[in-house]
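Two versions of one and the same chain are coming, encoded as structure tokens; call them structure 1 and structure 2.
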Structure 1
């Protein structure tokens, strides 16, 4: 019997982790993976928030648990991946999403501020993708790694200054392509998602960014921020068996912001 396209999107039996999964985009993607049938580990620095999210999501999916890890610490990341693999039996999907943004003018930025953003957004994605890749190589069955980049990898946001963020996200896309090519013979696909302005804690509750929302929405052709749930379908597509020929790609989802 031929499997129809909707059934192909199901993720039953897949084992996943989502970093930065306690809230915002990560929480929304974790929800979608669970709804599609995957088991999901919610990985975050903020374990209290991650536990709250698990309590909210536990009735949706087969299995969900919280794990604390700082993505900038190699030992934390390795421990997290081995916990996920032993809890679930294996790892098939890694969503490397934890990220931060600092809005500081280049001329005023301290080296520590620069490093902090690069550490979380670039080193953190590398460490989590590397640890996931190692586990998938050991299992010998391939897998899917999805990294969160940003439209800021493609354009320079205005008026807020954020050179470290923009540079880190551009690097995430080139890292994604590099890993996709390195691991193509291991059947590990690596792709990235580049969201435009999405309404989350990062944007809606940041004292420096909140006053800019009106200005941004005037510039976005759709004249609104995106919602985290508007990124769910692409994540499910990339995670599962509907996308075997999709690797090394970046998907911009931004209400046409980068078109103008």
Structure 2
């Protein structure tokens, strides 16, 4: 029996983790993977928030649990991947999403502030992708790694200063391409998504961001922020078996912001 296109998007039997999965984009992606049939580990530094998210999502159907990890610490990341593989029996999908942003002028930025952003956004993505890749290589079945980059890898955001964030996300895209080529013979696909301005709960409820949101929406051709759920379809596509020839690609979801 030939499987139809809708059935091909199902993720039944897939085992995944989502870093930064307790809230925002990570939580939305974890929800989508669960709804598509995957077992999902919600990975976050804030284990209390991760447990709250698990409680919200546990009735969707597949297995979900919380795992704590500091994505800047190799030992933490390796332990997390080992725990996920042990809990689920294997690992097929890694969504490397944890990230931070500091809006500090370049001339005022301390080296510690610069390193904090690079450590989380670039080193953290590398460490989680590396650990996932090692596990997938050991299993010998291939897999899918999806990294969260940003439209900030393609443009310079305005008016807020965020050079460290922009640089880190540009590096994530090149890292993604490099890993895709290195692991193509292992049947491990590596792609990235580049969201534009997304109206997460944190963004929408921040008093300091309210005037910026007005400026952003004026510049976005669709004149609105994106919703976290508008990133779900591309994540499900990349996670599953519908995209076997898609690797080393970056997908911009930004309401056409980078087109102008």
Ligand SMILES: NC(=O)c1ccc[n+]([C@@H]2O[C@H](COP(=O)([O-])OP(=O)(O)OC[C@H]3O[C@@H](n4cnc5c(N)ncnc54)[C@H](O)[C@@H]3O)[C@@H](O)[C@H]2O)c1
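All values reported here derive from a predicted model rather than from experimental measurement. Numbering follows the first chain given and starts at 1. Only the largest set of C-alpha atoms that superpose within 1.5 Å between the two forms is called the rigid core.
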property	result
Between structure 1 and structure 2, the form predicted together with the ligand	1
Core fit, then residue 210 C-alpha moves 2 Å or more between the two structures	yes
